[in-house]
Every structure is written in C-alpha cells, then in structure tokens.
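Okay, here we've got a single chain as structure tokens, the form predicted alone, with questions on binding and movement later.
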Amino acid sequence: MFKYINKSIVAMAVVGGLMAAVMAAPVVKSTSPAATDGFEPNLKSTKKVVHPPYAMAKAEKDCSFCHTEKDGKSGALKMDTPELCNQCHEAKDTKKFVHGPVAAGACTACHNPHESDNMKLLRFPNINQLCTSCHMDKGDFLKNTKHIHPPVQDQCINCHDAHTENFKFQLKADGNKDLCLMCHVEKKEHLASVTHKHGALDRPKKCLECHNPHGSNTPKMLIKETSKDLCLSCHNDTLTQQGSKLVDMDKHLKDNPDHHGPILWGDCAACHNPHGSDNLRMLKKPFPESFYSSFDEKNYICFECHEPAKIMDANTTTATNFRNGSKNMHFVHVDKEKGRTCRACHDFHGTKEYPHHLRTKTTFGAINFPIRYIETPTGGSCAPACHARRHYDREKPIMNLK
C-alpha cells in the first residue's frame, strides 16, 4: 500500500512538472512536408513532449501505472480506455454530442500515450492535419477550395470541440447562426438594429441558407456561383415579407430579359444588403417608395452608378438622351418638389417591350395604366394617363401643344 501511495505521489508531481513544461513550451514552425501540408503547423514543440506517467515509468523502470501482465502477455493495459485515461483526466464525453473517437474510447487515435513532438501529445503537428487524417473529404476540400473560412484555415477547434459539446458536430454554439455571431459581432449588432431584415435569417438553416461555413469557390463562402443565383434559389416564388408581397423574381427576370446592369453582372448585392438594412427592400441606400417624391439626390441609390447630372442638369447635350433639344426631360419630370420618382417609369430589374428599362405599365394609386412609349431614332413619345401623347427629339426640338 505504501509503495502504491508513493508512486501516486510521484506521478502527481511528475504530472504537475511536465504539464507546466508543456504549457510553457514555445510554438515553432516546422518545415517538414508533414507539417506544412497546406496547414499552419502551430503545435510543434521545441522539445519532446512526454506523458507524465510514461516519464515516471522510464525513471523507475516500472510501467505498472498503466500496464500489467494479462493472459500471459506483458504490456497489456490495466483497464480499457477511456477508463484508464480518466484515472487522471476528467471524462471527455459528458455533453450531448460526443466526437466519434471519444465515444469509442479511442483516446490514442489522436494522442500518443507516451511521447510526441507536438503539444498535447498529438499525433500531428497541427489540429487540421489531425482532423483531416480521418475527415479526408474535408482535407481535400481545404486543399482544393478557393475561399476558405479563416477560422477553418486556422484550426478546426475554433468552432468545434475535439471531444464533446451540447451542439451538433460538437460545435461551440448553434452552428446555424449563434456560432457565426460569436465572431461576426458587427453582423450581430447590425441585425439587432435594422428595420428590414432578410427573411432567410428566419429560415431553418439561417446563415447556412446562403453560406458554407467551411468555404467555397465563391467570395463570402456563398453556396452558389453568384449572388443572383443564390437569391433566385429562394426568390423563385411569390414571397411575403413584413406583410407585403414580393414578386417571383425568377419568373420576372425570365419574362423580362432586358436586365438592369447589376442583374447582368449576377450581383443582386450591388443594390441590396443581403442581411438587412433600414431601407425598403433591404437596399444599401435610400430609394423613394412612392410615385411622387420631393427630389433629393441623397435619396436615390441610383446615383451609386448613374451620374446625378442625368437628373439635375436642366439643359444638357450629353448627360441624357431623354431630352427635347437640350432641354433635359428627366429634370422636368423628377427634379422638383413633387417629382416623379425613377420607379414611376422604370423597372430596376428588367423589362421586355420597351428600351431603357421602361415599364410597360405603371401604378399610380389604385390605377395601373400603360405608358404607351414609342421610340424614334432621335427621340420618342409616350401617352400615359398623366398627359396626352407628348414627343421629344434630341436634334429637332418639338413643341407639344397639349
């Protein structure tokens, strides 16, 4: 009994001393192929890391702390893992979701029970190499994917617990949203304050509706090639958002193939904030909601791309083709206290019948009336419900009598 107690005391002292040495050991970079296989070698130790019971066994030439003779064979474990490991270490399977090797009691699948060149007695010099030695599909993914999520590139345990957690895949929080917001604090604050939130964030997969948490070949880890493709994977039906109906945008774009620039570029996010904003339809900048509005250039997201002179110059020969001689007809219609907004005449996603993204019909209150636009080589005319047919010509100004 005295000998056993003495060994236990010695073991505890060795454990304490060696663990302190392990924790204090600086991290160095290895240039060996095994350590630099696409990952950051952040666990390589400056000296051999020795498991305290093994150090004690070597010092006393007595391995009986862990091993015993069993069935005529020497070197058998005194008990199976993880029970043997749990004689010194706290159990690692105490939460709802347990990592496979832990559940199988295979501690030595990841840790060398005697000594290692790596911190924590790991079998590889960094976490990602260790993980992908089993999760080989993820290893191929990390090597062949263009945009890798930075915490993933750093080490898997930024998001996953290697042993056990209360969330699926041993994630440190709910992986659909809460885990993301632990790092993306600016998004958490943004979503808490904006008045128009993206409905996708209330769908079952939340952030994962749009993003691959490990990475993708598309910037921002999007799960589709372009933001347009991604948006249309949901906006391919009539949706209701904050009490209003949203058009089936996939059908609208197919029916109206003359697409606005951002649509041609596949970049819905050029105009919309995909998480949410304080503007109608999650636009990045304001845009008037009604047919009439007092003109203010700061109230139009359009001017992120289009020159304000198109509206604001009363006379021009270059800023716009919508002019009667040099008289800017955009200025006449828009730049006033009760100005017609861009939406009165233009569809900002796509059109079919008329050029310049002009609507076939426009809505004024409860009235849905046709614009009846006719284009000519040097101008055109329209006859909406607002007025009788009026003409304009860039080369030979026309006097409209009505």
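Quantities reported herein were computed from a predicted structural model and do not represent experimental measurements. Sequential numbering from 1, following the sequence displayed.
Keep in mind that the form predicted in complex with a small molecule is not shown, yet the notes after this line are about it.
- Heavy atoms of Lys254 never reach within 4.5 Å of the small molecule in the predicted complex, leaving it off the interface.
- Although the partner is absent from this view, Arg390 stays clear of the small molecule in the predicted complex, with no non-hydrogen atom inside 4.5 angstroms.
- A residue is said to contact a partner when one of its heavy atoms sits within 4.5 Å of a partner heavy atom; Asn217 fails this definition for the small molecule in the predicted complex, lying far away.
- Although the partner is absent here, Phe169 lies within 4.5 Å of the small molecule in the predicted complex, judged by heavy atoms.
- Lys245 is the sole member of Lys298, Lys245, Lys73, Lys96 with a non-hydrogen atom within 4.5 Å of the small molecule in the predicted complex.
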